[in-house]
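Here we start with a single chain on its own, the form predicted alone, put down as structure tokens.
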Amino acid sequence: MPKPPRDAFTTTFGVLVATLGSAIGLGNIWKFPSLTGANGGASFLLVYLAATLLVGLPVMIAETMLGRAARANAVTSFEILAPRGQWGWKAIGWMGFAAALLIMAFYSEVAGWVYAYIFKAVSGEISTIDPKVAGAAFGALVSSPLTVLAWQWVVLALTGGIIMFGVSKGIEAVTRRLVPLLFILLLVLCVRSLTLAGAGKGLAFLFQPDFAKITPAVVLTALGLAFFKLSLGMGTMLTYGSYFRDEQNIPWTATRVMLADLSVSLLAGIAIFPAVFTFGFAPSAGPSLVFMTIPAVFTSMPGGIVFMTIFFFLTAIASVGAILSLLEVPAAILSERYGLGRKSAAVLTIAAIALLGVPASLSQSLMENVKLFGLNPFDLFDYLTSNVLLPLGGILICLFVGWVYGPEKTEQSLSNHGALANRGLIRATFFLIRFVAPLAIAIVLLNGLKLI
């Protein structure tokens, strides 16, 4: 019986929005504003932009290129592309498999908090001008074992159901609708935020750099954020690349995704910082900026409940695209390497994440005193992925492309076998992949391991 054709993205726009949906996530709405606020505003933004151009974008191009060249999952791709006998390269794919599961164990929990806050906003439960009261509401949520588990399972059930429909009818169909809606909702919030009295101070904080604030720590933080936000080193871009169309211009698509991802982050900053300065809150509040400070900020506005609800709704939308790309990595591996049907692979993936997610979800309640290497399960999963698996996977991908796949195959792949006149761009990208990106990522890895 002939094997059915492999599912893939059906349109150029579908490729763009699906890839963008993977890159856009809670990192844009939650992590980017908090790190920007804590690291000096515009000065951090400049370093982050440089890190994205010199490291994030080249690695994204490399991953996507390998996926399209192999037309396979993250593990099999290296079996196909590596020279005969060099079977060890497929470990990169298995690292992506592990990273995707571990990230989803805690990422789905944070997404669950966001989903819960939509209903809290609508009900008026978090409508308070006192950040301490908002903080207490957040503490009550994360300390309730049944509540956090229930919301995490809602997230997994929703996104797992989409994955079951496959690439074109599931991932592409959903992201084609959600990504444009995300931009529309963000623009609504930005317009409202720019009418506030503190808009000028907020914009100055975001766009007027103080170069004295650029420190080695800021550079390392920006490098790590650039790598994490573009979904690199976890097999997602490699897997999505395997669904790209043959005629897709990979460098141009990756550049558009990077620019759109940056635009979402900036829009989130424009929506948040004018309001923060208007009502006298600290921009350096860190991760609590979303769950503890933002409710107080929006409550202080006329129509605050409406805008607060919109904010958490768009944050929930942002999480969906990233979750779908993470789920697709293990689902594709299980389906293609072990002959499982699409639905069976999706169910098994969701079940594994649900089990891993239990200790992460209970890290603020029943398992708050369970520590390994001084970290609770939530923080441990975050540390292992962000500081070990992702940078290590990124370095290995750079080494594979730069020294094994080589310049000739890279030029053939990225020029669509000579159809695109982009030889200069390819050579510059290859230089960054071969020399600059692995060194920069290695510094991030050593810093994450506290060796430097």
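Just so we're on the same page, rigid core means the largest C-alpha set that superposes within 1.5 Å between forms. Just so it is clear, the model here is predicted, and its values are computed rather than measured. One-based numbering along the sequence shown.
The protein also exists as the form predicted in complex with a small molecule; that form is not presented, and the subsequent description refers to it.
Notebook entry, point to check: When the small molecule is placed as it is in the predicted complex, which of 119-127, 317-325, 209-217, 140-148 ends up with heavy atoms within 4.5 Å of it?
Noted result: Careful reading of the contacts points to 317-325.
Margin query: Just to confirm, with a 4.5 Å cut-off on non-hydrogen atoms, which of 228, 313, 89, 279 contacts the small molecule in the predicted complex?
Written below: For this set of options, the contacting one is 228.
Checklist line | 332, 294, 171, 234 - the one with a heavy atom within 4.5 Å of the small molecule in the predicted complex | finding: Spelling it out, the residue with a heavy atom inside the cut-off is 234.
Note to self: Residue-level contact is defined here as any heavy atom of the residue lying within 4.5 Å of the small molecule in the predicted complex; does residue 410 satisfy this criterion?
What the structure shows: Because no heavy atom of residue 410 falls inside 4.5 Å of the small molecule in the predicted complex, the answer is no.
Item checked: Close approach of residue 107 to the small molecule in the predicted complex, 4.5 Å, heavy atom -> Judged by the heavy-atom cut-off of 4.5 Å, residue 107 is in contact with the small molecule in the predicted complex.
Note to self: Under a 4.5 Å heavy atom criterion, is residue 22 part of the interface with the small molecule in the predicted complex?
What the structure shows: Heavy-atom contact with the small molecule at 4.5 Å: present for residue 22.
Margin query: At 4.5 Å between heavy atoms, is residue 41 in contact with the small molecule in the predicted complex?
Written below: Answer no; every heavy atom of residue 41 is more than 4.5 Å from the small molecule in the predicted complex.
Check: Using the core for the fit, does the CA position of residue 67 change by 2 Å or more between the shown form and the other one?
Finding: Stays below the 2 Å threshold, so no.
Note to self: At a 2 Å cut-off on C-alpha positions, does residue 48 qualify as shifted between the shown form and the other one after fitting the rigid core?
What the structure shows: After core superposition, the displacement of the residue 48 C-alpha between the shown form and the other one reaches the 2 Å mark, so yes.
Next item on the list: Inspect the rigid-core superposition and answer whether the C-alpha of residue 33 shifts by 2 angstroms or more between the shown form and the other one.
Entry: Indeed, residue 33 is displaced by 2 Å or more.
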